[in-house]
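Heads up, the chain below is alone and in the form predicted alone; it's given as structure tokens.
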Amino acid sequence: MNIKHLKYKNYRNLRSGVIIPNKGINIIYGNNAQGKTNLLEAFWLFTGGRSFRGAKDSDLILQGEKKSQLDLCFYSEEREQAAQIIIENGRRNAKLNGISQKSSAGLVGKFCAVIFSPEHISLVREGPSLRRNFIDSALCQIKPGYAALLSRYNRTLAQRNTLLKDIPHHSELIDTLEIWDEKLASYGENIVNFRIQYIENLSVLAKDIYGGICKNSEVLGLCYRKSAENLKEALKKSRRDDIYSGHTGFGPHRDDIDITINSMSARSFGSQGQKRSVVLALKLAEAEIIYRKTGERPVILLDDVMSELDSSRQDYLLNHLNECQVFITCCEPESLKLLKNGSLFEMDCGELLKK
């Protein structure tokens, strides 16, 4: 899988232009706040996911404009394909090969990418919701049906929570909880099974990659931690507490992934460098799983990452990316010393120039 070109108009500070990248490594350099990350974010949106920076769709339009447009031409499934995203009135509309999709989620599984940015260190450093989102986003790319399952679970969860808040004022509604518990438990157990299987596959690959990054001086461990062994029973037993709090206390929306280095919590005891290496290992393992499941090498997006690694770690990472199309942002391309058979672009005030 590789990008042939991307046309953009009024996307954040990228007013109008096109990038025709190399099939291998592409370095996009420039000072901070020039638009380098905006370009990677534009690529990422074609996976069907939300902005990896947590931005609202309305924030993706150039200030003073009413809409933005992105047109991507990419090679996948042994043919050239085209996708379009138009952001207008606070929402995204998408087309794939000229056919309108019900939502941008219709692009899930069609264009695959893996993104690493400095913000992703929070996967290790912060709370469980980010780790759950990481797994869910990865699963959506290799199992298109998972996105629909997750959507059904979240809608059912929201409906159950609304009911929990209404019951203190309408006690007769408590009898309807059984219906929602059945649905929530069914969807939830399927989600957990998918996640556990994914973590088992990810763990083997990430452990090996992390060992390569740290020259086998440390051992990375991953383990999925469920909030309840039997979700249906847990929901039943926690009804009184759930009604009191107005929220559902058990389910995959409360699960977590334990990440350890030498059997110690990476979140509590890992250094900044160790946490960065953990996330890089997770992302590279994710890319390998995508390839094994789909037969397509995902596009790799590395935002302001490589310049903070020494030359041996840069070389190790690139050896795992030499079959992928890669986009790397940095301030000074000379600090990387990587570009042999690739392309170099400069970003200046939203203007992209090939060097």
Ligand SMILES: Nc1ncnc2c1ncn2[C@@H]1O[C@H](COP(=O)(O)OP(=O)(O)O)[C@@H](O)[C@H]1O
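Here the structure is a predicted model, which means the values were calculated and not measured. Residue positions are given as counts along the sequence shown, with the first one as 1.
Not pictured, yet referred to below: the form predicted in complex with the ligand.
Although the partner is absent here, Asn13 is a contact residue: one of its heavy atoms lies within 4.5 angstroms of the ligand in the predicted complex. Within this chain, Gly48 is remote from the site of the ligand in the predicted complex, having no heavy atom within 4.5 Å. Not displayed here, the ligand is approached by Gly35 to within 4.5 Å at the level of heavy atoms in the predicted complex. Although the partner is absent here, Asn31 lies within 4.5 Å of the ligand in the predicted complex, judged by heavy atoms.
The contact residue chosen from Val305, Ile27, Leu62, Leu321 relative to the ligand in the predicted complex is Leu62, the criterion being a non-hydrogen atom within 4.5 angstroms. Screening 291-299, 66-74, 312-320, 37-45 for residues having heavy atoms within 4.5 Å of the ligand in the predicted complex returns a single hit, 37-45.
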